[in-house]
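Take a look at this single chain, the form predicted alone, given in structure tokens.
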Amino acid sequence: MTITSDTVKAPVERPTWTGRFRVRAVDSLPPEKLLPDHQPAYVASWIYIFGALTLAAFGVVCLSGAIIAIEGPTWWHLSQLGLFVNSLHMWGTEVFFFFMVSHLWGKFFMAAWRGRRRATWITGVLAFVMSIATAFTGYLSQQNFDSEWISTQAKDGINATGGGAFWNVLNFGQMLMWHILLLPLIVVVVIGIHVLLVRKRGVVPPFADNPAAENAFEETS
């Protein structure tokens, strides 16, 4: 029997888990969606800018917080530069929440969960809730009378839920680590997932002028 190239078959190559992950990731979120070079015309409306402004403010908060973490939580009590960076961190947080709430309400009235965007909406709300917890632990980490008052008033409510057995707001070290490590990590991950979902599904369009067009949008999405 003559062995030819037709009779000899190469073994089936089984891709690794990294290869399978890459294929699924590219299929789910191709480069033209991940890094688009154009957007629909309706994105030029002012209501669509609050998401980007929220991300910009979040970057300021993270950068100023990292500088404070390098110098230590008492730095701003002893240095004018530290006081400036701490103020930048605090006002960056205020601006962050202002833009985030504006973004949240704007998308609520636009019904941003339309077109199979429920996961996008849920991750946005989850990011908002986790940001509140992160800001709360930040207030507890100020090491002044303000943080002392907030912690003593909050402990009774938290203890009433049973959460005080695991989350002691009077423990400065625990609250500091939650504020600078655990909660920011969760917020970054959730925001990252939220942004990827926006890239995958696209920004939600305004409501159509007539119900028939709106129903068609829901069916084709």
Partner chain sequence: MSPKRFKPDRDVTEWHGPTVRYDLLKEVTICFVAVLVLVVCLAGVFSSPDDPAITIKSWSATAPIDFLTTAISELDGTSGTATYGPPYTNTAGASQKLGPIGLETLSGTRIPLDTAKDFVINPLLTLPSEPMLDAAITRYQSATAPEQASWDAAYEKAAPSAHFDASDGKLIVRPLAYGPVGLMMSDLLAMAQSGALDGALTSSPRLYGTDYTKPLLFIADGQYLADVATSRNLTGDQWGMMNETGNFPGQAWLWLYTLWYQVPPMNSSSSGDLQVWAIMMLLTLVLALVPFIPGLRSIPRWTRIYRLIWRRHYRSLQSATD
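Positions refer to the first chain, counted from 1. Every value quoted in this text rests on a predicted model; they were computed, and no experiment measured them.
Beyond the structure shown, there is the form predicted in complex with the partner chain, which is absent from this document and is the topic of what follows.
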With the partner left out of view, is I180 within 4.5 angstroms of the partner chain in the model of the complex by any non-hydrogen atom? no
G59 versus the partner chain, in the model of the complex: is there a non-hydrogen atom within 4.5 Å? yes
Heavy atom of I49 within 4.5 Å of the partner chain in the model of the complex: yes
Applying a 4.5 Å heavy atom distance criterion, does I186 contact the partner chain in the model of the complex? no
Are there residues in 160-195 with a heavy atom within 4.5 Å of the partner chain in the model of the complex, and which are they, in order? A160, T161, G162, G164, A165, F166, N168, L170, N171, F172, G173
